[in-house]
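Next comes just one chain, in structure tokens: the form predicted on its own.
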Amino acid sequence: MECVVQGIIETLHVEALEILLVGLCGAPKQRIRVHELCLKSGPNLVSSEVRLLCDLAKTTPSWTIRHVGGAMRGAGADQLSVLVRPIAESKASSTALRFFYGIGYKLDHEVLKTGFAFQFQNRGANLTVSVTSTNRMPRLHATDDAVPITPGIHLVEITAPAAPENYTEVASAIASFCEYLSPLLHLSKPGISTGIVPTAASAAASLMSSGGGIKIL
């Protein structure tokens, strides 16, 4: 399973966010360029949805099959500031798309995600902070011609692997890290939109002039 929070930031403040993350994380930036295909089962199969991810940032593109389950529910989940959900991933070959077509899955939609990410530890949890622009393609699989779906806006996501016995500690580690980003953006459970933070412009200007934040790890 994993814990996750999301938020949005205006593209003109992404450079300031990157400066802050470099100072906070103490980890190298990783480039993101992922072609994501959402596949849904056909009428003769049990209803399901899988995502094929092709990592185009690598010299040789690699494929991953990803399935995301429903969010954890109940009083305990409601009290958490993060969303907890089951997730399964498996490496695949370049023939994965052909395989899913062959067993009856259909392409629902596809996007190209571009941006960067940082991976690091905070309070014993392995956090990944990704900052991405989601792009649509005018033609099937035309990644080179992709254009932003929401120009001027980037998605920020923090995820961390968790287990039934430690997800509350992982959630706490994510929540504590989110506090450092709060002048630039607000992060919450996916599906809960909080919009642009009013202090983002002044915080970004301060970061650009000072050159970064403090290292916490």
Partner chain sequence: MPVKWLMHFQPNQGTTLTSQVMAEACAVAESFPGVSRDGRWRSSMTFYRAVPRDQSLPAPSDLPRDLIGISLHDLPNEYLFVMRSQRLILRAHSSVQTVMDKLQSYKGRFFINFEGLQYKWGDFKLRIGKCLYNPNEALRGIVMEVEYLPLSSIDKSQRVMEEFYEIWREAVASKLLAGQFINTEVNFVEYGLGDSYTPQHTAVLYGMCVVQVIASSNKNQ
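Residue numbers count along the first chain shown, from 1. Every value quoted in this text rests on a predicted model; they were computed, and no experiment measured them.
Keep in mind that the form predicted together with its partner chain is missing from the display, and what follows is about it.
Visitor: Which of these residues, Ala96, Leu80, Leu127, Ala146, gets a heavy atom within 4.5 Å of its partner chain in the predicted complex?
Guide: Exactly one listed residue reaches within 4.5 Å, namely Ala96.
Visitor: Which one of Ala175, Val50, Ile32, Leu53 is close to its partner chain in the predicted complex, taking close to mean a heavy atom within 4.5 Å?
Guide: It is Val50.
Visitor: Of the listed stretches (117 to 125, 137 to 145, 71 to 79, 98 to 106), which one has a non-hydrogen atom within 4.5 Å of its partner chain in the predicted complex?
Guide: It is the stretch 98 to 106.
Visitor: Give a yes or no for Gly152: in the predicted complex, does one of its heavy atoms lie within 4.5 Å of a heavy atom belonging to its partner chain?
Guide: So Gly152 does not count as contacting its partner chain.
Visitor: Taking its partner chain as it sits in the predicted complex, is Leu45 in contact with it (heavy atom to heavy atom, 4.5 Å or less)?
Guide: Output for Leu45 is yes: heavy atoms within 4.5 Å of its partner chain.
Visitor: Hey, in the predicted complex, is Ile65 touching its partner chain, heavy atoms inside 4.5 Å?
Guide: Yes, contact at 4.5 Å.
Visitor: Considering only heavy atoms, tell me if Ala92 and its partner chain come within 4.5 Å of each other in the predicted complex.
Guide: Judged by the heavy-atom cut-off of 4.5 Å, Ala92 is in contact with its partner chain in the predicted complex.
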